[in-house]
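A single chain, nothing else alongside it, follows as structure tokens in the form predicted on its own.
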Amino acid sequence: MSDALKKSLANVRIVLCEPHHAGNIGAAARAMKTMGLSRLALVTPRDFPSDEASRRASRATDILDAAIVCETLSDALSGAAFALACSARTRELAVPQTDARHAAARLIEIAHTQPVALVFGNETYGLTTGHVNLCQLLATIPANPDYASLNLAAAVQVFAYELRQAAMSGAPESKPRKLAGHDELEGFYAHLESALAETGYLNPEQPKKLMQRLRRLYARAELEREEVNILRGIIRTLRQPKKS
């Protein structure tokens, strides 16, 4: 494995949200290792650590041993510059959407220089709207429309394969943009929401889908750190105008 390939894949984090079955965690770890991925995060797993997970992982128990367990998805995404929500269904008011292959190419482009994350949902109900809103892109696997539901570990395997294929194509010709991290983006969204509520533009009692639409807008822009700082500076100035 080349150094460039190792570096890109090392920057990829697989996140499993609220997995119910320990066997799926182990099988996902095995799917990851076959494609050179090693970073696993689990959000409130029902049963972990688990002998069943270790058994299903086969010779990928090192990934389970190094896995981090988090209380929230936001915690699991901390430090990531870009997060991809992996789902079997599209959403009307979600972040931008694409298929697994194009999503993998975009992730690897960023992963050459910054950490990225792929987020998978619970085996029964998948990802919630709140989970998807914490990501910048939504991707689906173009499966049989009459039966598009994949086992969790199988879905991880498909995305892991696409990531490896994208990483094997080599480094991008141009220098990748330095995107704002998850914590910086969430800080900006909280700042923006607070300002909108303060001015009366957003009614906290009846917010409707305003923040969801704004998240989609800024997700399309793929904000850089300096751009987030500019936007937050504008918000601060509008809330407390400078004296002339």
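Counting begins at 1, following the sequence as shown. Rigid core: the largest C-alpha set superposing within 1.5 Å between the two forms. Every value quoted in this text rests on a predicted model; they were computed, and no experiment measured them.
FYI, the form predicted in complex with another copy of the chain isn't displayed, but the following is about it.
Asks: Closest heavy atom of residue 112 to another copy of the chain in the predicted complex, within 4.5 Å or not?
Replies: Judged by the heavy-atom cut-off of 4.5 Å, residue 112 is well away from another copy of the chain in the predicted complex.
Asks: Can you check whether residue 133 is within 4.5 Å of another copy of the chain in the predicted complex, heavy atom basis?
Replies: No, residue 133 is distant from the partner.
Asks: Does another copy of the chain come within 4.5 Å of any heavy atom of residue 182 in the predicted complex?
Replies: Contact check for residue 182: no, nothing within 4.5 Å of another copy of the chain in the predicted complex.
Asks: Report yes if any heavy atom of residue 190 sits within 4.5 Å of a heavy atom of another copy of the chain in the predicted complex; otherwise report no.
Replies: Outside the cut-off, so no.
Asks: 112-120, 160-168, 125-133, 68-76: which one contacts another copy of the chain in the predicted complex at 4.5 Å, heavy atom to heavy atom?
Replies: Checking each option against the 4.5 Å cut-off leaves 160-168.
Asks: Aligned on the rigid core, do the two forms place the Cα of residue 236 2 Å or more apart, comparing between the shown form and the other one?
Replies: Yes, residue 236 moves 2 Å or more.
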